[in-house]
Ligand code: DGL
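Encoded as structure tokens, the following chain is the form predicted on its own, with no partner shown.
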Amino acid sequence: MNNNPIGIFDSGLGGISVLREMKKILPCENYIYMGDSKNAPYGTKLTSEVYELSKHWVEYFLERNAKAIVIACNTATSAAAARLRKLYTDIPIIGLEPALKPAATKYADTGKKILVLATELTLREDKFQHLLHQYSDKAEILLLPAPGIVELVEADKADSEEMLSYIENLLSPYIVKNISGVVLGCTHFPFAKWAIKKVLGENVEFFDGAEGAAREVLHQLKLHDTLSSSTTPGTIELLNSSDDPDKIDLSQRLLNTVE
């Protein structure tokens, strides 16, 4: 069991940003990453659809003898994580949520503004609304759906002029609002940091849940006594539900991207 893989899935390639953090914290673990690009984006689907897709991938990883499963997708976490944990009680299921808490805590009572970028589904789900209610009196929090980032990352345009143009159109009304912190509420969004900085300024600070999720995986493996016994770097199996063979190559390039 200790050397069994950790299963990670996302609505496409965004969860690679979570896998990168996990490799930093848990380099000796073995990983299976499934990017569900065939069904991307999750953020515009019905909650019931996202739940069924998430359940499918959990069952896939159980068949692969995974010792832990990471839902490396804020949307799928909101739509499915709580139900899946009740259904599959024998395995840790770790999810993502927008890192609003650290952002609001840092900027509490400073008058600084926080912009939360996420998918439409993440922003409307009860899980995020409850989180927002907890911290709305701490700082000024602005919400903005940004589904186009997902589509551009999936199309291998994370570093393109098209990405910059999309971000400029999306964020131009917010330039005058003097945004101090940006919560990246989707795992695809870290790949667009460069464009967001170009528009909002180099001093903008980012908050995302990838590192917190990686640390929770470490905590769960210790709790279940299933940390890898290996002292050498683990393996990474990159998979994708799309028929496009270029998705695996893009996954590898994103994994090797240095922030």
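These numbers were taken from a predicted model, which means no experiment stands behind them. Position 1 is the first residue in the sequence shown; the rest follow in order.
Below, we refer to the form predicted together with ligand DGL, which is not included among the displayed structures.
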Listed residue that, although ligand DGL is not shown, lies within 4.5 Å of it in the predicted complex (heavy atoms), from Ile94, Leu84, Ala158, Val150 = Val150
ask   = Okay, which stretch from 116-124, 99-107, 134-142, 168-176 lines ligand DGL in the predicted complex, with non-hydrogen atoms inside 4.5 Å?
value = 116-124
request  = Classify Pro41 as contacting or not contacting ligand DGL in the predicted complex by the rule of any non-hydrogen atom within 4.5 angstroms, answering yes or no.
outcome  = yes
query = Should Ala79 be classed as touching ligand DGL in the predicted complex when contacts are defined as heavy atoms within 4.5 Å?
reply = no
inquiry  = Residue by residue through 74-97, which ones have a non-hydrogen atom no more than 4.5 angstroms from ligand DGL in the predicted complex?
reply    = Asn74, Thr75
